[in-house]
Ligand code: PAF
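Next up is one chain by itself, shown in structure tokens, the form predicted on its own.
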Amino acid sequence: MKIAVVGPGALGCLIAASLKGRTKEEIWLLDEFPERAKKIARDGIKVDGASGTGVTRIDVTANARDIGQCDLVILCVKSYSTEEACKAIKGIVSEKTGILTLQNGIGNIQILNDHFCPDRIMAGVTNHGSTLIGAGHVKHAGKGETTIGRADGRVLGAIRDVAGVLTRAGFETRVSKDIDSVIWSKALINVGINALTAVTRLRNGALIEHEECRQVLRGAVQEAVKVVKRKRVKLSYDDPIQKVESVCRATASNVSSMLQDVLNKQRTEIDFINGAIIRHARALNIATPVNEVLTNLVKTIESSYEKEARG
């Protein structure tokens, strides 16, 4: 199986290195920037942490034509780059190519459906924690289950094959008949944690150590729950607030992906997390004041990067 991992961020590098090191498949990493691609191709991908320490040499390019048509494409780019990624991978996608998104947030499947046949699209979430230290250097913070599925709920041989490859690579993967539920369940956790960490610059566990912060977390999650109930999405847990707070405890020392973006003065995925809750809520005539404040604050932080750098 020829597999292209798109996006050399923390998760993309971790998945690419794991697939290359633990399976016999042909693995490529597709980057947006030629210079970074050259560096990773030269130095390899270094992974520290839960999966051990080592360097994996891998084929990396910024030109999809170098890769050729693939059996599977795994999207690991930031959600705001999904549209551009769809254009970039058209040359490596055939009528038989499976496309798997393991991205954060809500809305990526819809974008993929606009560009490719929905029958070829798979989606999923992974609970592996990873932090990008530098180009091609990842800290594997912790392992967790990965879940994938098709939007139509069908469990076919192709998706089982993908789950098998990921499992062999060290990403224990199950197939769900209700991937929409899985995605929304992960999104609600991100709604409660990511924006708050970006605004406060606290690690996950500290969010529930301060009662004022904890109240904001609960407010954001409660608004998202109203949306989920109106959309009749079944969550994978019974008590959303309890679940988010338990994740804060379990990942207490983690620096969330959105806080990593803010610390690195990068664009965040706020529009696909808290911003997505706002959009869905408006369509349902549900008020989301807490998520609106959090979204506006994160966007303010993003727009102030240049000013902050100038002092």
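Don't overthink the numbering: it's just position in the shown sequence, from 1. What you are looking at is a predicted structure, and each value in this text was computed from that prediction instead of being measured.
Another form exists, predicted in complex with this ligand; not displayed. Remarks below refer to it.
Should the three residues 11, 131 and 133 be counted as contacting this ligand in the model of the complex, with contact defined as a heavy atom within 4.5 Å for each?
Spot residues vs this ligand: no contact at all.
Determine which one of 278-286, 247-255, 33-41, 66-74 lies within 4.5 Å of this ligand in the model of the complex, judging by heavy atom distances; exactly one does.
After filtering at 4.5 Å, what remains is 247-255.
Within 4.5 Å of this ligand in the model of the complex, heavy atoms considered, which of 227, 220, 193, 166?
Of the candidates 227, 220, 193, 166, 193 is the one lying within 4.5 Å of this ligand in the model of the complex.
Between the options 216, 123, 159, 189, which residue brings a heavy atom to within 4.5 Å of this ligand in the model of the complex?
Filtering the options by heavy-atom distance leaves 189.
Indicate whether residue 79 is a 4.5 Å heavy atom neighbour of this ligand in the model of the complex.
Flag for residue 79 set to no.
Any of the heavy atoms of residue 185 lying within 4.5 Å of this ligand in the model of the complex?
Outside the cut-off, so no.
Does this ligand get within 4.5 angstroms of any non-hydrogen atom of residue 204 in the model of the complex?
Residue 204: contacts this ligand in the model of the complex.
Could you pull out the residues of 44-76 that have any heavy atom within 4.5 Å of this ligand in the model of the complex?
If the 4.5 Å heavy-atom criterion is applied to this ligand in the model of the complex, 44-76 yields nothing.
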